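Starting off, we have a lone chain in the form predicted on its own, written out as structure tokens.
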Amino acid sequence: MLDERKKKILQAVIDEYINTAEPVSSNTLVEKYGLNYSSATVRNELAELEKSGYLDKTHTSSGRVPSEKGYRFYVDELIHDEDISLEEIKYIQNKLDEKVNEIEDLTKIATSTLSEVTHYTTVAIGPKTDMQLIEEIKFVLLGQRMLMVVIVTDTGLVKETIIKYDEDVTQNQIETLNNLFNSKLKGKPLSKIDKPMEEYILSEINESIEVIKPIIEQINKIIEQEEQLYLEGAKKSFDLPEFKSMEVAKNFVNLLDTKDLMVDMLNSGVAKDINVYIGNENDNEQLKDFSVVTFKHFAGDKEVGTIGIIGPKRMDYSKVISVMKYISNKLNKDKDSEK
């Protein structure tokens, strides 16, 4: 365990390195951070921190840079999670108070807001379809031969599709469809309509198979759609010093192009917590040069999305975690107040 002096010096080193991206010397710490220790004492403590694995020494400079162990201690023990200004709070409030009709819209707004405030790349996914319950299925006649099917879930997810027919569809048929599908599917998991359910619906309704079969096929298609992945602020990362390395930049682009990896990254983590993964703490080798910070948001007890930041290990963790906590609390508080 580090004593108070080592903690202060480690925090100063990491704060300085986050701000400048330059190796940190003992003189810099004494001059800029008001440490009440001599340069010799600071040098000795830096050497001890390096020996303990919290700092690394670069080959091109006498200064030190944080190691992954140092960043982990910093995140767990040293940062303040109130690093957010009143101006930023007001901006976030205004953005999240926008009226939205679907939970996907709220996730997208929260994702873009997080990127705008932190200046990092943000990624997000909406709710998993297989964990939601059908609240309502609504059939709307758009014309004599055009039908819109709308599925609403208990989390506010809305899925819709339009079906065109070669023959006229009547309003009586629409009412029959609404009654039958809702009586059989309301409260059921949002998952594929299996064969027994399909056969039951076909046997119960006195309408032509030509009307029913396209409906079941389209419902299955929209339910089986891949999870929506949102991405904001990717260009911002290339302004950071780390991305001057062609290898890091190429790896980052490949990451963003690999949807399965992004989804897996967001689906990991503990519910209702801010999750921080630094470098090799990430399960996937492709993420070893980066840090990932994620949180999940909820409608009541239902998980409706996961939002994350991916950036360099030299991330401003204090700012990122503070903004994430505020957005997470606001999303969950607003959802709870709607119940």
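A residue's number is simply how far along the shown sequence it sits, counting from 1. Just so you know, these numbers come straight off a predicted model, no measurement behind them. Take the two forms, superpose them, and find the largest set of C-alpha atoms that agree within 1.5 Å; that set is the rigid core.
A second form of this protein, the form predicted in complex with another copy of the chain, is not displayed here; the remarks below concern that form.
**Q** Using the partner position in the model of the complex, report whether L141 sits within 4.5 Å of another copy of the chain, counting heavy atoms only.
**A** Within the cut-off, so yes.
**Q** Just to confirm, Y91 within 4.5 Å of another copy of the chain in the model of the complex by heavy atoms?
**A** Result no; Y91 lies far from another copy of the chain in the model of the complex.
**Q** Taking 4.5 angstroms as the cut-off for heavy atoms, does E116 touch another copy of the chain in the model of the complex?
**A** Contact check for E116: no, nothing within 4.5 Å of another copy of the chain in the model of the complex.
**Q** Taking 4.5 angstroms as the cut-off for heavy atoms, does F243 touch another copy of the chain in the model of the complex?
**A** Yes.
**Q** Of L96, L180, V263, A249, which one comes within 4.5 Å of another copy of the chain in the model of the complex, counting heavy atoms only?
**A** Selected residue: A249.
**Q** Just give me the single entry in I134, I84, I163, I219 that has a non-hydrogen atom within 4.5 angstroms of another copy of the chain in the model of the complex.
**A** Of the listed residues, the single hit is I163.
**Q** Look at the stretches 149-157, 119-127, 180-188, 69-77 and give the one with heavy atoms within 4.5 Å of another copy of the chain in the model of the complex.
**A** Among the candidates, contact is made by 149-157.
**Q** Select from 229-266 the residues with a non-hydrogen atom within 4.5 Å of another copy of the chain in the model of the complex and write them out in sequence order.
**A** Heavy-atom contacts to another copy of the chain in the model of the complex: K235, F238, D239, F243, K244, M246, A249, K250, V253, N254, D257.
**Q** After superposing the rigid core, is the C-alpha displacement of Y71 2 Å or more between this form and the one not shown?
**A** For Y71, whose C-alpha is compared between this form and the one not shown after core superposition, the shift is less than 2 Å.
**Q** For K138, is the CA shift between this form and the one not shown at least 2 Å following rigid-core superposition?
**A** Passes the 2 Å threshold, so yes.
**Q** Using the core for the fit, does the CA position of I109 change by 2 Å or more between this form and the one not shown?
**A** Where the cores coincide, I109 shows only a C-alpha shift between this form and the one not shown that is less than 2 Å.
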